[in-house]
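Form predicted alone, single chain, as structure tokens, below.
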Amino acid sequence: MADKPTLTTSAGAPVPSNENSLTAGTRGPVLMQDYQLLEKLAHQNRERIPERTVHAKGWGLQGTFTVTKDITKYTCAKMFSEVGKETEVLSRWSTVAGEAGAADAERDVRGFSLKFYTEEGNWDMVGNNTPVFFVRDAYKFPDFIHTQKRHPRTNLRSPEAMFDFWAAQPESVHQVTILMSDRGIPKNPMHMNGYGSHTFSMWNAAGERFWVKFHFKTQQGHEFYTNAEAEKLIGKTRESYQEDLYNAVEKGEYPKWTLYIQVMPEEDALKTPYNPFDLTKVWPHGDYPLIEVGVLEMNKNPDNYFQMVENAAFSPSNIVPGISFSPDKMLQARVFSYADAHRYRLGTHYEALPANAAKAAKVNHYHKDGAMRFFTNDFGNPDAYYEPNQYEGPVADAGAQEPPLRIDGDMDRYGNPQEMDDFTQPRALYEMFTDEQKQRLYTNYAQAMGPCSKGVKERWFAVLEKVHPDYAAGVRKACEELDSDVNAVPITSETATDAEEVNTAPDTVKAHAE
């Protein structure tokens, strides 16, 4: 048997015992000079970092992205430069509202985040498993998240707060319809799509800009749990997603997704009947069809979950030449807020941690000192700690400059225009559902809205009425039946069809038929 390595202190000195404290006699007391005991206790007190304000419960894998189609006419990003090119990827999927100890199979939106370690630096695609979101302006995001967290007095989740907020924000009905549908509890991350959700931009070598949407379409097919099935599963395990992902990869059953993009010429943004930068809207696939780009394969369980998943810091601010932002109000705010959250949660130099460190590009910057300065960043020349300097320090690369972004308009705090249509797209989604899917939608609503006051229910029914009278009537009836303790026959997913697999939808709603 080979000799085992020597246990040492964090300073490298050998440890004589890792079992017994230093004491005065066999019965103690413990001596204050037992620095290794104090070190172990002090480190344990600091082993948990602040959990994420949202998306606290997550699961992650490592893998690769391979380009299968040429899209160089849309982007000069080097990771897409040739068919067959591979890029390392780190993924993290998550629930939005629950804390770190929440059950995996809860009804919630799922985060779908990817970090591509490209040769030009890291590109982060920080999305969800839905193509839209609850609000279109980040000014309302903190309020929205307050409704998803615990009530300050009861310390319980509050359906009253959720539906009260949504009823006052009719733009949310599109996302809430998805949340209350079959898609609200995916079986696991392998059986759901991922979306960049926002409108992003790309530009090519000629400096032409295009607006784009990113779609990662699961190759495993869409599967989900009903409320009853999820409740039964949670009674057995709260870690079903982690178990499914880990075990699948260990068995060599690597999950895959196909990346597609929708592409809109820059000038088209002025012509669409909807705001293409509105996060509560989708782009009709009949107007902007899906274009295949490549395949994402997640094929490795991290050797250390904390190091590679808990320490992972995804941010929309991480872009590379050829990929950039858009006037999307939510995206503009996220560019700041995500990186700022990571600095609070992980520390000043969070991007130097192994999960976040660029792999191919040499990192040179002038961010100095502060907490977590555990690395050398003086480029081999400690005199070059400011810029400009005469000491051959790093300088900007004008070739990475993106084309000018056209903007126009007077500065103001613009509300939602009266002509803003928040109901046509959720109506199209609702009309795609089969009768069985609609019945589950109604039942899911009733169970979610059960604790809500009559006033909040009526306000939400009024929003649904604007989407479709049958939608409002169905949810109202289900709520009344639940209030009267009239139990419907349980519906399971075994006999259900998935709206995301409907291929006969008209072009105007094909965005919901993936």
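Source: prediction; values computed, not measured. Position 1 is the first residue in the sequence shown; the rest follow in order.
Beyond the structure shown, there is the form predicted together with a small molecule, which is absent from this document and is the topic of what follows.
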Original post:
Of the options I185, A428, I71, V176, which one has a non-hydrogen atom that comes within 4.5 Å of the small molecule in the predicted complex?
Top reply: A428
**OP:** Taking 4.5 Å between heavy atoms as the contact cutoff, choose which of S326, T226, S158, Q262 touches the small molecule in the predicted complex.
**Re:** Q262
Original post:
According to a 4.5 angstroms non-hydrogen atom cut-off, is V282 in contact with the small molecule in the predicted complex?
Top reply: yes
Original post:
For F433, is any heavy atom within 4.5 Å of the small molecule in the predicted complex, or not?
Top reply: yes
**OP:** Find out whether any non-hydrogen atom of P316 is located within 4.5 angstroms of the small molecule in the predicted complex, and reply yes or no.
**Re:** no
Original post:
With the cut-off set at 4.5 Å between non-hydrogen atoms, does W203 touch the small molecule in the predicted complex?
Top reply: no
**OP:** Kindly indicate whether R136, K140 and W166 are, all three, within 4.5 angstroms of the small molecule in the predicted complex, using heavy atoms.
**Re:** no
Original post:
So which stretch, 108-116, 191-199, 360-368, 318-326, is the one near the small molecule in the predicted complex (non-hydrogen atoms, 4.5 Å)?
Top reply: 191-199
